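We begin with a single chain expressed as structure tokens, specifically the form predicted on its own.
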Amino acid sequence: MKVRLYDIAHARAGDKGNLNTIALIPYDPAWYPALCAAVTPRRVAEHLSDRVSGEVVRHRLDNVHALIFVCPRAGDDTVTTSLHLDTHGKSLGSALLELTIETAGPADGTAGSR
């Protein structure tokens, strides 16, 4: 099945300098294994390629069922120097939620989403 992240998860984003951090948290923990399998650093880098440059690093927070992505931006794309409309990059979390993944579904077999 194909599912848009927006339908199964929410995101929070923060930034310091030219680094953005995006937390991806499923509404239902049963979706966490599917997110771990499908939302790879490479997939995130490709999806956000218009704003992210460099290697995306993913951290798994298995105890709270969340993924953290650290996304570098260009050296001149910082909170104080960026020419982008969203200089703080807070919208990257919303942009990530537009990603569609191919998955077998949640771990418990339900189609639970919000």
Partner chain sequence: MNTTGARIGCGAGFAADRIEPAVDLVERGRLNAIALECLGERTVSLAALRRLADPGGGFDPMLAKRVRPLLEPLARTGTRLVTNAGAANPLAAARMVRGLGADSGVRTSVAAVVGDDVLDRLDLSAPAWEDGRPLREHGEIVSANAYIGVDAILPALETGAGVVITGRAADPSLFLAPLMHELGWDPADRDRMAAGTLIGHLLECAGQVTGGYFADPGPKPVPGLARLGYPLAEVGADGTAVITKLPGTGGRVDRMTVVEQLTYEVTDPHAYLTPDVALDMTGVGVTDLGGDRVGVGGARGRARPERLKVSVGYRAGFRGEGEISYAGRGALERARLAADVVRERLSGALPRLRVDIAGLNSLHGDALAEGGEPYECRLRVAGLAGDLATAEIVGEEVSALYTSGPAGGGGVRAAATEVIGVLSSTVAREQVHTEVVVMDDTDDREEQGA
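Just so it is clear, the structure is predicted and the values come from calculations on it, not from any experiment. Numbering follows the first chain given and starts at 1.
One more form of this protein exists, namely the form predicted in complex with its partner chain; it is left out here, but the text below deals with it.
Shown here without its partner, the chain carries Ala13, Leu61 and Lys90, all of which come within 4.5 Å of its partner chain in the model of the complex through at least one heavy atom. When its partner chain is considered in the model of the complex, Ser53 lies well away from it, no heavy atom lying within 4.5 Å. In the model of the complex, no heavy atom of Ala104 sits within 4.5 Å of its partner chain. For Leu35, no non-hydrogen atom is located within 4.5 Å of its partner chain in the model of the complex, even though that partner is not displayed. In the model of the complex, its partner chain sits beyond 4.5 Å of every heavy atom of Val39.
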